[in-house]
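Heads up, the chain below is alone and in the form predicted alone; it's given as structure tokens.
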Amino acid sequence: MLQIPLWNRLLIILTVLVGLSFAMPNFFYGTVERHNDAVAEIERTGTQTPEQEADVAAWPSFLPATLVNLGLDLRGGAHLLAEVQVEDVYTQRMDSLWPEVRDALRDERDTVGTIRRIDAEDGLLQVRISQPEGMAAAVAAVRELGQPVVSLTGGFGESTLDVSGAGDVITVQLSESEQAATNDRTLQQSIEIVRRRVDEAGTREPTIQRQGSDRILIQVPGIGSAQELKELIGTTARLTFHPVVGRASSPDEDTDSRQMILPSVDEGGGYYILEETPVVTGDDLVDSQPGFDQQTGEAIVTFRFNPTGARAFGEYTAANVGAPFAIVLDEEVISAPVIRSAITGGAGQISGNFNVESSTELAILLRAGALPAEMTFLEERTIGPELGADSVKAGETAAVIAFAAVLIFMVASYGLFGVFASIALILNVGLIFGVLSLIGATLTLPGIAGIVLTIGMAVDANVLVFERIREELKTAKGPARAIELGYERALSAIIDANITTFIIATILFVLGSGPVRGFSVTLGIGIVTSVFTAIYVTRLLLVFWFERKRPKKIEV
């Protein structure tokens, strides 16, 4: 008998209704998008404007507000491919290692004599000792500073440092294993900081992925241009505080070892001679906010250190009252105030030629953290919103034509049964959008191609079932028995055919990237929903029709 238990019927209907409810907000995309943006902004800032209240009220809170995110090729935006200069980190590591090397060699002063750091290539730390006969002891002392490499890519147990001596010069550099581990950590940190900066700017659904050993792919829908995106994420935003040695009139003046000359932002043509080793860095910042100076009314950026940074900052300012210190941002002296008293609270402010926009931008960059290394942009592309709108329109046209062609074919070939299959096809497309909305997937142009392909493939299962029902009718079985046997005996072929396609979609998702993944996601979801609608929804429609009409004879 052609029967479906009541609980099965309710479960099928409930599944379809839930799927369609999640897809429904996409028909009111602009309204729901403004509603979601307003809710997110109110939660983030804790305040709301009348416009935000209106946007929130425009969509009932009891309805789902899930949307399919539009990808870069559909919404327009910016695309960047950046290369991280991981070698910069080697130099920073050597600079930070120098105090430890100095202290270790001082403990061996009787053997190695006096020590002096000399200029070396980037990524190397070279120290000259006055007693070359003590080189073995000096190398051994420095090697003890090395730590076992900690990495997921190998090199366990190896030292982080490669130390050698030649003549009276000790050379220290990161070992090969540590360089590989450092590259991996630097790239992961860069990706995280880029993501934070993009998120802080309130940009929706960016794509930030690692490509190869030292490159990052960044795609941000909705942003005005690639240049705007570069300004947001390409700034290193490295904040440091240095002791001031003196002033200089040009960047080429002679300095002592471990000193540097940096330009002043406020004083055109002015330069400061600074100690290279900073007192404290932006790594110890815990917060940064834009604000206004209460006395002058100028835009400023306030900052606050963590306990470690606050202690170091307090100790330095307490020991150097009356001396100037420089606030340096990305190799430029923002200001060089004189320390009037010890600053023990761990908070301060940066003033300069800021306006509201630039102070807000700097606060975002500082709050997100400094990039560990400079990024070089190898590829940049801006996709206009008009092009994205054209792509959406072309995709919609393709989907409508594909759907109409399939509908005409099914009705012409299978009559009333084709109508049932067409209804299931409509529900199938709705369920695809419901699942995409539920998981927060991003729809791209290849993703639309996957949906259009699914429309054509979705009726495969119905074709198999209907042809099988025709065969069963030829053996003089009754209509109900023929329909039941048609579904039973076509099931294995339907499952096998869709499993093979689903395997391909899975492989594309795992091994592919970007547009290929978008295609595989919609194809995979479409396979699952099409099997569901073909086996369960179409059959339920047939059962409803059969129970109402009780036909003695059917034509398929």
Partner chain sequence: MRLRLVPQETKFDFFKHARLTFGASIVAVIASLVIWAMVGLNFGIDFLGGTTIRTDSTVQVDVGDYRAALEPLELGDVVISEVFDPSFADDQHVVTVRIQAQEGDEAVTPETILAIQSALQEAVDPEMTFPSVESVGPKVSGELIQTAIIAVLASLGAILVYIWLRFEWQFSVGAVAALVHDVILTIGVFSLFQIRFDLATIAALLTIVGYSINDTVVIFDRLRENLIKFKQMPLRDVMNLSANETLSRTLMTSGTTLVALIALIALGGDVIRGFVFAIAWGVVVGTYSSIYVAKNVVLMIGVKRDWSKPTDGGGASGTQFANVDA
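Positions refer to the first chain, counted from 1. The structure presented is a predicted model; accordingly, all values stated were derived computationally and were not measured.
What follows is about the form predicted together with the partner chain, which we do not show.
J.: In the predicted complex, does Thr382 have a heavy atom within 4.5 Å of the partner chain?
T.: Yes, Thr382 lies within 4.5 Å of the partner chain in the predicted complex.
J.: Spell out, yes or no, whether the shortest heavy atom distance between Gly270 and the partner chain in the predicted complex is within 4.5 Å.
T.: Residue-level check for Gly270: no, no contact with the partner chain.
J.: Given that the partner is absent here, does Val459 sit within 4.5 Å of the partner chain in the predicted complex, heavy atoms only?
T.: Val459: contacts the partner chain in the predicted complex.
J.: Is there a heavy atom of Asn355 lying 4.5 Å or less from a heavy atom of the partner chain in the predicted complex?
T.: No, Asn355 stays farther than 4.5 Å from the partner chain in the predicted complex.
J.: Choose from 108-116, 274-282, 299-307, 466-474 the stretch whose residues reach within 4.5 Å of the partner chain in the predicted complex, heavy atoms counted.
T.: Among the candidates, contact is made by 466-474.
J.: Judged by heavy atoms and a 4.5 Å cut-off, are Tyr90, Leu174 and Phe313 together in contact with the partner chain in the predicted complex?
T.: No, none of the three is in contact.
J.: Which residue, Gln188, Ser96, Ser257, Thr376, has a heavy atom that falls within 4.5 Å of the partner chain in the predicted complex?
T.: Flagged contact: Thr376.
J.: Ala405, Ala136, Ile439, Ala166: which sits within 4.5 Å of the partner chain in the predicted complex by any heavy atom?
T.: That would be Ala405.
J.: Relative to the partner chain in the predicted complex, which residues of 429-452 have a heavy atom no more than 4.5 Å away?
T.: Counting only heavy atoms within 4.5 Å of the partner chain in the predicted complex, the contacting residues of 429-452 are Leu445, Pro446, Ala449, Val452.
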